[in-house]
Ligand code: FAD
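Only one chain is given next, in C-alpha cells, and it is the form predicted alone.
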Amino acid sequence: MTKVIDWLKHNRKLMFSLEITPPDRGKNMDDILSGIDPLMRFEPQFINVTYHQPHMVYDEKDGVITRRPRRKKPGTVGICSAIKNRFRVEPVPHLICGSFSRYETEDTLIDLHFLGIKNILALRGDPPPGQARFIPEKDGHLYACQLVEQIAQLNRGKYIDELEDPFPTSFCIGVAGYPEKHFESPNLDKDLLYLKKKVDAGAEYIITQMFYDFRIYKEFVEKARAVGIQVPIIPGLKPLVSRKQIQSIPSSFHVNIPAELVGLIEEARTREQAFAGGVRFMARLVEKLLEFGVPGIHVFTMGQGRAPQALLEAVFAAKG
C-alpha cells in the first residue's frame, strides 16, 4: 500500500490528488463515485474523503425535549473502502477532533488499520452548524496537534491503555495549512506556530486550504520554511467558475478572490463564458505553481466533477 510521503519522496512524477465529500444522508453513494470516473484518466494517486461533525437537534415529545446528534454526511470510512475496491486508488480519510473522544479516535484508527488504509489527514474540524466555537468531546482533543500526537503514538504501538505486546500502526499523517491563516487565528505568524506544532507532533506533509493568488502560496511556503517547517506543502485548489461561487467561497472558506478572477466571472455574458474564464485563470495558477516546483496538486471537487475535469484537461494539455 502506498503512503503519501513515500510517493512524494520516491516518485519523480508530480503527485495529483482529489478530494470528495460524502453524499448527504439518504443520497446515493454511486452519484459521488460516478463523479470520480471522468477524473480517473488523469491518474490521481490519492483521493481524500472528508468527514463532517454531527450537529445537535432537539426533539420535543410529550413535553420532554431530547437532544440528539444528527450527521448530515455519514459514510467516510465506507467510501474509502469503495474507492480502494472500485478504482484501485489509495483513499485518504479525514479524521477530526470534533465528536470523538480519545477512545473513539483509537477505535476508528484500529478500524482503518484493519482495512489496510495507510494515510490519514488529521484535522480539528469546524464547529457544527449553529455552534459559534469549537467544543471538544469529553476526553477529546481540542487541537489538531493533539490528534496528530495520538496517531503518532499508535504508530509506535502506544495505546491509551497499556497493552501486552501491542501492534503498531503505520499511518502516514497529513495536516491542513492555511496560506491566508485560519480564520480563528489573530495573524499568519501565530497560525504558522500552530502548524509547526502539528509537524513536530508527527505530521509528514501539509495540504493547504484553497487560494487563488500564487503570491499567497509562495509567501506562505517561505514563511513556513523560515519557522522550521520542512515537510512538503501541497497546494489545494478549488476551481472557481461562477458568480455564485464568488459569493459563497470567500464567506465559507475565508479566502480572498483576486480582482482579475472576479472580473472574468462578473463581466462574462453567459455562464459558459464565466466557466471558461475561471478555468483559464485556474490553469494559469497551476502553471505558476508547477514552475515554482510544488510537490503535488490537490483538487477539491466538492462532488462536482465538471470544473475539476475542465481544469485538469487544460493543465494536462498545456503539459503536452
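Each residue number is its position in the shown sequence, starting from 1. Remember, it's a predicted structure, so these values are computed and weren't measured experimentally.
The form predicted together with this ligand is left out here; the points below concern that form.
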Which listed residue (84, 182, 244, 113) meets the criterion of a heavy atom within 4.5 Å of this ligand in the predicted complex? 182
Listed residue (275, 51, 46, 281) with a non-hydrogen atom within 4.5 angstroms of this ligand in the predicted complex: 51
Just checking whether residue 103 would be counted as a contact of this ligand in the predicted complex - the rule being heavy atoms within 4.5 angstroms. no
Please tell me whether any heavy atom belonging to residue 120 falls inside 4.5 Å of a heavy atom of this ligand, as the geometry stands in the predicted complex. no
Decide whether residue 150 counts as a contact residue for this ligand in the predicted complex under a heavy atom distance cut-off of 4.5 Å. no
Taking this ligand as it sits in the predicted complex, is residue 90 in contact with it (heavy atom to heavy atom, 4.5 Å or less)? no
Options 163-171, 225-233, 211-219, 123-131; stretch whose heavy atom lies within 4.5 Å of this ligand in the predicted complex: 123-131
Which of the residues spanning 188-224 lie within 4.5 Å of this ligand in the predicted complex, based on heavy atoms? 191, 194, 197, 198, 207, 208, 209
